[in-house]
Structures are given as C-alpha cells and as structure tokens.
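First, one chain by itself: the form predicted on its own, in structure tokens.
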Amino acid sequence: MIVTKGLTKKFEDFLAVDGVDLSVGAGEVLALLGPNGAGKTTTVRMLTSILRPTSGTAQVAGFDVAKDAQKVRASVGVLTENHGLYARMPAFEYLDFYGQLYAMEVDQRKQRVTELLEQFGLAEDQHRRIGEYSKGMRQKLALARALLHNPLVLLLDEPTSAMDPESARLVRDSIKELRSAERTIIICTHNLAEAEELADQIAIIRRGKIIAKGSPLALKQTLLGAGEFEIQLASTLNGSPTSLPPGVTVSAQGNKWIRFRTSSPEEDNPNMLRAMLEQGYPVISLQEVPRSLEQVYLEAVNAPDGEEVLDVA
C-alpha cells in the first residue's frame, strides 16, 4: 500500500530526508519513530503529496506522489500535529463542509458525520463552536475529519497528543478497529508504549535516515540480545543450580528467583525448568522479563553514525 525507494527531500543546503526505503502492506500498522527534527513530518508530507520529493519515488495506494497527487490525496486521511480546525464553526457543520470537499453525497456525508461524532464521544457537543472545545476534543475531531471519506491509508501524527487517559484509550481502540485487510496506517509518535501496542512494524529515523526497521519482537532480539527469563521459587535459593542446559546462561539471582538468558527459549526453557525441578527447587513460575520498545529506541538512536541500516523485518 505504501512503497518508497530512495525518498529524499532537500531544502537548499539542508537534507531533511535522506534516501528512505519503506514498504508497508495492506492491513499493517507502521510506527515511524525518531527525535524531533529527524524527518518524520517531512516524510509524511511527501507521502500526502504536500511536498514534492527532491529525488526518489513514493507510491501510496498505487499512485505516484509526484505524478498522481490528486489521487494520492483522495486516498489518504491525515492527522497533523497542527490541526487547522476552524474555531468559529460548529463540529457538525465543520465535518459536513469537509464531506462536501470530498464530493460525498448529502445523505452519505450526514450519516458518516453522525457516526464519527458518536464514535468519538462528540455527539452531545456537535453544535458547539470548535473554539470552545478542549485540546482533547479538538484532537478527536481532527481524527474524525481524517476518517471522513474512509481512506485506504491513514497517516497519523501524534494521534493521542494532549488527551486524557480515557480519550487516549478510545482513540487507540479506534485505531485497532480501523485495521483491515484494505487499510494501512502510519503513526508518528513519541509515545513508545503506544507504538508498541499498535504497530506491526517499527521504523526508526535519525537525521533523515532510517536506521532500524522491523517488528518490535525482532528489533528487541537483535538490538537487545537474547531474551531474559525469570524463575520464581517458593523458598530461598541456596547457591546456584549445578546443572544447566547448554544454551542457558544465568544473568542474575536473588533469594527466591533466578534469571537466565537464552536465544532459543522454545527449546531451552523446558530443559531449564526440568533441570530446576530435578535438582529439587520448588518452582512457582517461569516468565519472560519484559523488554520495552524504549530500550530498543535508545539503543538505535544512540548508536554511532555511519552504521548500516538494521533491517530485521
């Protein structure tokens, strides 16, 4: 649904996006992560045909962003950091106006506007001026605008910014429901827990270059090393186990727990559990030690410049 090859944008002497290669299939959610000024927003603007690439190519929903700009814009829904909402208009009138811009039929757009206002909890306030809305309400209205014409591609820049926890959960749940075999979603966010919850694929951009991409699990395994697991015991651990499976390395231990690493948990974990039980240890549980996307992100962005792109997709 989205394919870029060598996508580059230069502003005079400043290289904002440098040879970005991406491929996002139908039904996938990609989280585009990176520090401020890394090139995320510029990339999204090229994907929406707002900015013309300096070089390279990009196709969105089968249309070239340079040659088929109008078709690209008709195929995407965009939530930008600066919403551009019209403060004097009531919400219903505002969405209805945008439905007219998308050439939607009267009955179709009124039904769609009503559905979206109800979906995002704005139905009771639909006749209030947007300028009276809170930040979270304006964010939800901007997302409703992006969804108005049922686009094949959604490009969301900080979709839950400035929202209270309940509203943010509503939006995240809506994004999950929007995934389908036909729709592709790209999310730019600094909320790494949100990215990990929603995304199938992660791409990390730094100084205009993609420095790492792949699934959250694959990136964790590659950047953070072998997985770590913890065994909880019912009584105090005296010393260390004397017999361990060949692929297991003890990484830490306490009074009633022991942690170990293995690159083949499906094979080594049952053997480790069996070894502990055979040595008389009262095992209560065995579970993986959580590793966050934040650890992956920091490892990637703090890596030395000049390293090759890590692609574990």
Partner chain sequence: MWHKLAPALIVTRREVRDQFRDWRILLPILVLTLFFPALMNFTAREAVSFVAEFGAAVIGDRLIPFLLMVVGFFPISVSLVIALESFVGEKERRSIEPLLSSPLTDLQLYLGKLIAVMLPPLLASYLGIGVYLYGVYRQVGWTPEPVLLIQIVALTTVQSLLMVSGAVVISSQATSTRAANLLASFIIVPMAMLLVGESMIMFWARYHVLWWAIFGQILISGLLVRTGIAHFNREELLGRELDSLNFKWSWQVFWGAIVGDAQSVSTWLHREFSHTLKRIWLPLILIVISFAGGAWVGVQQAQIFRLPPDLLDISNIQEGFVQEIDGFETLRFFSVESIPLVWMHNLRTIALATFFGIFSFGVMGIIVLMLPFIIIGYFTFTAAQAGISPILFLTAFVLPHGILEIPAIALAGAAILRLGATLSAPAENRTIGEALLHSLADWVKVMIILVVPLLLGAAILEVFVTPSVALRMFGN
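Model, not experiment: these values are computed from the prediction. Numbering follows the first chain given and starts at 1.
The form predicted in complex with the partner chain exists for this protein as well; it is not shown, and the discussion that follows is about that form.
Can you tell me if Glu197 lies within 4.5 angstroms of the partner chain in the model of the complex, counting non-hydrogen atoms only? Because no heavy atom of Glu197 falls inside 4.5 Å of the partner chain in the model of the complex, the answer is no.
Please check if Arg145 has a heavy atom lying within 4.5 Å of any heavy atom of the partner chain in the model of the complex. Although the partner chain is absent here, Arg145 would touch it in the model of the complex, with heavy atoms inside 4.5 Å.
Residue-level contact is defined here as any heavy atom of the residue lying within 4.5 Å of the partner chain in the model of the complex; does Gln100 satisfy this criterion? Heavy-atom contact with the partner chain at 4.5 Å: present for Gln100.
Is Val78 close to the partner chain in the model of the complex, meaning a heavy atom pair under 4.5 Å apart or at it? Output for Val78 is yes: heavy atoms within 4.5 Å of the partner chain.
Work out which of Arg73, Arg206, Arg112, Arg172 lies within 4.5 Å of the partner chain in the model of the complex, going by heavy atoms. Only one listed residue qualifies here, and that residue is Arg73.
Here the chain is shown alone; which of Arg129, His190, Lys176, Lys135 has a heavy atom within 4.5 Å of the partner chain in the model of the complex? By the 4.5 Å criterion, the partner-contacting residue is Arg129.
Answer yes or no: in the model of the complex, does the partner chain come within 4.5 Å of a heavy atom in every one of Val248, Gln279 and Val289? Looking in the model of the complex, the three residues Val248, Gln279 and Val289 all stay beyond 4.5 Å of the partner chain (heavy atoms).
Just one of 220-228, 161-169, 116-124, 101-109 has heavy atoms within 4.5 Å of the partner chain in the model of the complex; which? Careful reading of the contacts points to 101-109.
Taking only heavy atoms into account, state which residues of 245-268 are within 4.5 Å of the partner chain in the model of the complex, ordered by sequence. Sequence-ordered list is empty.
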